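Here's a solo chain for you in structure tokens, the form predicted on its own.
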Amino acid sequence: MKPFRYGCVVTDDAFCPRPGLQKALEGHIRDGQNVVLTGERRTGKTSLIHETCKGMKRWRMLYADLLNIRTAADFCNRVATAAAHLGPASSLAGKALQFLSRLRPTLSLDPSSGMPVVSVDSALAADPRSMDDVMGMVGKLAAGGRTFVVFDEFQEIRRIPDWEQALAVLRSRIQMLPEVCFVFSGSVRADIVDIFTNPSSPFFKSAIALTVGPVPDDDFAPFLTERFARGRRTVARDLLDEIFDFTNRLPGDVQQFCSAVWNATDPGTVVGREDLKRALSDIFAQEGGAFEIQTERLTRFQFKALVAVARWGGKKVFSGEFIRHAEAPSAATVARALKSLVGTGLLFVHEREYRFFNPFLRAWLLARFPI
């Protein structure tokens, strides 16, 4: 089995320990302190939550992934299904149906996992006030303590029509559940931070903030070295540093690169730079088709701006030099293009710098469109 895992929740020995964050998160949960976890994509927030939970004996976690919800009914379905997974399926699913009777819930089984799926009447649950019924159910199921609730990708609430009302409904109910700790996690930092720091938001100052950033190099390097050694592969620290720099130290991207290096080498190999190049070529072969589709959908100025960020960096994007490289008529054109690229998920803004969500897309662009 390959020792590097990415694109999924990792726990046990596949998880690089983050003792400081794990201790802080566990301490807040045990103290009943609501927490908001922020960080860029692929920094390992979800894995951190699950690994922390594994170490909390006799505690239960109600985990609801809110990615891509669009309606209040979507929220109700995700949370109700998560509640049905909180304990023995037969008892918890039955209670979920009982507590949500007003929303006419139905129970089915996921054909792939065999786990219960709860769905409410979409018409009855269209109003954000229906979310109060679901939160009331959460409170009843969590009664007795030692249960905490995780809303992953919580910023997706803002995609719901009347999302301000939705937030108000949630906050009102959560305030009435002091015995239940809530963990809110989000990867679009501007949105998740605004929910908890904007004075006009119902969730203003309602949770203590923990930032999940890259794993420190001095912690990650020994972990990765040991993983390579399991297959009799030796990798020097300076090559790991190159991988860290290339991936902006995002754990998911680091593990993907290391996995490709593993596949490109044989047992007994001392990994060299040529192996890194082969691994990158393999990633291009796997993802190049998707990169083609993503870039073909862009307008001319969006594509030029994307290539300019790849070549010249994303800090001084309104300088005369950058505008010239982007072949744009004005700074306003660059601004519109970059805003669209952030909206499509190709770029994000980190400390006033535009960065690629996928560092392999940046490398692919540089390879395909050299200076």
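Source: prediction; values computed, not measured. The first residue of the sequence shown is number 1, and the count goes up from there.
A second form of this protein, the form predicted together with a small molecule, is not displayed here; the remarks below concern that form.
Colleague: Partner absent here, but in the predicted bound form, which of 278-286, 191-199, 126-134, 245-253 has residues with a heavy atom within 4.5 Å of the small molecule?
Modeller: Selected range: 245-253.
Colleague: Would you say all of Glu226, Ala264 and Pro267 touch the small molecule in the predicted bound form, counting a heavy atom within 4.5 Å as a touch?
Modeller: Verified in the predicted bound form; spot residues all out of contact, no.
Colleague: Using the partner position in the predicted bound form, report whether Glu153 sits within 4.5 Å of the small molecule, counting heavy atoms only.
Modeller: Contact with the small molecule, yes.
Colleague: Any of the heavy atoms of Trp364 lying within 4.5 Å of the small molecule in the predicted bound form?
Modeller: Close contact is absent here: in the predicted bound form, Trp364 is far from the small molecule, nothing within 4.5 Å, heavy atoms only.
Colleague: Would you please decide whether Pro370 lies within 4.5 angstroms of the small molecule in the predicted bound form, comparing each non-hydrogen atom pair?
Modeller: Contact check for Pro370: no, nothing within 4.5 Å of the small molecule in the predicted bound form.
Colleague: Under a 4.5 Å heavy atom criterion, is Thr43 part of the interface with the small molecule in the predicted bound form?
Modeller: Yes, Thr43 is a contact residue.
Colleague: With the small molecule left out of view, choose which of Ser340, Asn34, Ser47, Thr333 has a non-hydrogen atom within 4.5 angstroms of it in the predicted bound form.
Modeller: Only one listed residue qualifies here, and that residue is Ser47.
Colleague: Of Phe99, Phe182, Phe220, Phe291, which one comes within 4.5 Å of the small molecule in the predicted bound form, counting heavy atoms only?
Modeller: If I apply the 4.5 Å criterion carefully, the residue I get is Phe220.
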